[in-house]
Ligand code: BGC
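Next up is one chain by itself, shown in structure tokens, the form predicted on its own.
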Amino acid sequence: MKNIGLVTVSLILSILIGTVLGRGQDTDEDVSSKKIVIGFSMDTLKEARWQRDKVFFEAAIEELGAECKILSANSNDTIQMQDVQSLITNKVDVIVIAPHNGSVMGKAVQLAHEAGIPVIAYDRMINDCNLDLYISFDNVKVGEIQAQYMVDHLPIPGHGKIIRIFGAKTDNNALLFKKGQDNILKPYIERGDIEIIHEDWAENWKPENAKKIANAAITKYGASFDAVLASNDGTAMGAIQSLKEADMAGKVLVTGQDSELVACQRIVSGQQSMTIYKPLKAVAETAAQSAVALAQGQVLIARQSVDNGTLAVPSILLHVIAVDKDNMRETVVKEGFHSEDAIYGQ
């Protein structure tokens, strides 16, 4: 059985992640002759963002000379647990999980560890378990950037009435985005400069649920608000659909995240104000490289950690960038995330 160990070097804020490769009595020579297989259990492939993650991850694994088995649970916890069990049965070397519910999947980590398989949480934290590694973006920072952009770009900067649309309560990232937003908004709210007139959680991040939240706010308050602090591009889309029906699209600031193509198109057309560019290729490649390194028994260095309720999980957190119509070409287009023609048309 594979021995999974973590050594924390607190003085330099580095975490060495070591794995003694091999199951049972496999020798180094036996292991080196085997092709590494990485399992990737994904929450969903229904959104463009996650389709990109899959493509980038597959390409990176192939380039490293390994194989991957990718399963999608369609946002169903039961199916995702079955997917992980299937990967364990197939004796993959490392399992990467992008959880639908970060609390439910703690059991999956336990099952994988019982089989001697290390687990990496991808993009979303898995809570209350002895997780080996977390690879994501600084999601508190994402929320801070969203809120700061909104504060700075209100009709009267630092003053206004806003609607907040959070993500799925089951997604730990949604809580981190909210935490970051709260960090920025708290002093403005306490001074009475910013008022939150309506807020709610969009189940499963679905645009239609975000639209219902925006509809409820517009029904109650009419056009008497200045911004919609939406936590991602999907919830922004739902909010904008509601604003269109109320003849308010383009008249109210709307935030987002993920730099989806349709969101970038909405930004240049003036319907959405900003998004967050998260270099998905970089996070997918980092996850692939880390997974293969763990399978090979290499030592990784993670210079950050995130508490998941059980331990400070060794973490690799990538940077993000705020994108609006002023820097679209210098960010999303320049890095090849979307083409200029796709965003601006010909």
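Just so you know, these numbers come straight off a predicted model, no measurement behind them. Residue numbers here begin at 1 and follow the sequence given.
There is another form of this protein, the form predicted together with the named molecule, and it is not shown here; the text below is about that form.
Inset, instruction - Within 4.5 Å of the named molecule in the predicted bound form, counting heavy atoms only, one of 302 to 310, 48 to 56, 63 to 71, 285 to 293 shows up; tell me which. - result: Checking each option against the 4.5 Å cut-off leaves 48 to 56.
Legend entry - Every residue of Thr255, Gln265 and Lys325 near the named molecule in the predicted bound form, heavy atom within 4.5 Å: Checking in the predicted bound form: none of Thr255, Gln265 and Lys325 is within 4.5 Å of the named molecule.
Inset, instruction - Let me know the one among Lys211, Arg124, His113, Lys178 whose heavy atoms come within 4.5 Å of the named molecule in the predicted bound form, would you? - result: The residue from Lys211, Arg124, His113, Lys178 that makes the contact is Arg124.
Inset, instruction - Flag Asn101 as yes or no: does it have a non-hydrogen atom within 4.5 angstroms of any non-hydrogen atom of the named molecule in the predicted bound form? - result: Outside the cut-off, so no.
Inset, instruction - Flag Asp171 as yes or no: does it have a non-hydrogen atom within 4.5 angstroms of any non-hydrogen atom of the named molecule in the predicted bound form? - result: Heavy-atom contact with the named molecule at 4.5 Å: present for Asp171.
Legend entry - Residues from 211 to 239 in contact with the named molecule (non-hydrogen atom within 4.5 Å) in the predicted bound form: Contacting residue: only Asn232.
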